[in-house]
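Only one chain is given next, in structure tokens, and it is the form predicted on its own.
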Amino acid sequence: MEAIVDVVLLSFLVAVVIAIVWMKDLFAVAMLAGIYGLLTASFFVAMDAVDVAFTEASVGAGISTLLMLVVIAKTGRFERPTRHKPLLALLVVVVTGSLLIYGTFDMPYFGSAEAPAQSHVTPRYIDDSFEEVGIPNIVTSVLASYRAFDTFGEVVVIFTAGIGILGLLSGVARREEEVDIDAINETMHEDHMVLRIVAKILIPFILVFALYVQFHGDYGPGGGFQAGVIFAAAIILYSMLFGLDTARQVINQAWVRMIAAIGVLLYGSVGMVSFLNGGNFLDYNVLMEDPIAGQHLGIILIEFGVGLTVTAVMIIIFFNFAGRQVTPKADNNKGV
């Protein structure tokens, strides 16, 4: 039965990918990309990787689809026909894919009990993580405690990406013929009142669910990354349905940028406090007299920092893309 489910999911994935490649309607492509994310999340669930499935569902099928719709609103719905034959790009893809497939020949077979991950790493976490960390969710123990320094690097990368987008897109001049997303939203308000009412009902529940994912990650699938994306998706949905001007009145952009920095500083500060208390960087055992209580406190704090940064950066990306301004287009008759 499991094999049948895997074959069906993989078949759907292949069909969706082929449809994405051949379609010229970018709105349909965005919708298919969201379907692809849901299918991938379902495949991860079938493999018992629930935390990864949660992340894929919230990022791949959730906020990525919303951001693509914003980009389509700014650029146009249909792809422009290409007049060149990208043979070189196709050759590069084929060669790279062949090398990647060749590299897998030296890897252990999928699910092999003799693989290093199965014989060394996995038993160590399964057998000892609850005693050392006291967290029922092993994935959270690994990400937030055993490899907390790596996760800190990921948070810094997300923060850097947000600052980079903020620096690149915040100071460009608006083009006169550019599509006005606020005008689109005003039309949507009038023509799609049902969407607006449903959003008013759903957004509070989405925000509450994000808080649940944030603070329940110790005991089930979730954590700061997933919660931050879900929280930001609710804000983006509100902005798309009620207009950027209304969203800017509710959400202060200066505070959003500050929150992005506060999340990173909170994460790093936990490590510094651990270091000053005589432990290693991000060693939560020294935060309290009881090492297990220290682990719980440290994980809650750094996960909260992750949630703050991810939420703020996603909002920064959306507002800078949705309100993007570009240089005026040159008149071909007058020259550049």
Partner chain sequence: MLFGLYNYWIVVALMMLGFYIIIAHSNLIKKLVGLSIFQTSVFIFYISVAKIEGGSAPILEADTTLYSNPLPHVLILTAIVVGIATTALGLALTMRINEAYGSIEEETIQQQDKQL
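In this text, all values refer to a predicted model and were calculated from it rather than measured experimentally. For the two forms, the rigid core is made up of the largest set of C-alpha atoms that agree within 1.5 Å on superposition. Positions refer to the first chain, counted from 1.
Note that the form predicted together with the partner chain isn't included here; everything after this is about it.
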Listed range touching the partner chain, judged in the model of the complex by heavy atoms within 4.5 Å, from 257-265, 113-121, 243-251, 205-213: 113-121
Does the partner chain come within 4.5 Å of a heavy atom in each of 36, 107 and 165 in the model of the complex? yes
Considering the partner chain in the model of the complex, which of 282, 308, 63, 299 comes within 4.5 Å of it through any heavy atom? 63
Just checking whether residue 42 would be counted as a contact of the partner chain in the model of the complex - the rule being heavy atoms within 4.5 angstroms. no
With the partner left out here, check for me: in the model of the complex, does some heavy atom of residue 276 sit within 4.5 Å of the partner chain? no
Do residue 196 and the partner chain share at least one heavy atom pair within 4.5 Å in the model of the complex? no
Looking in the model of the complex, any heavy atom of residue 238 within 4.5 Å of the partner chain? no
Looking at the partner chain in the model of the complex, which residues in 269-289 have at least one heavy atom within 4.5 Å of it? none
Does residue 136 move its CA by 2 angstroms or more between the shown form and the other one when the core is aligned? no
Any chance the CA of residue 26 moves 2 angstroms or more between the shown form and the other one, core superposed? yes
Rigid-core frame, C-alpha of residue 261, shift of 2 angstroms or more between the shown form and the other one: no
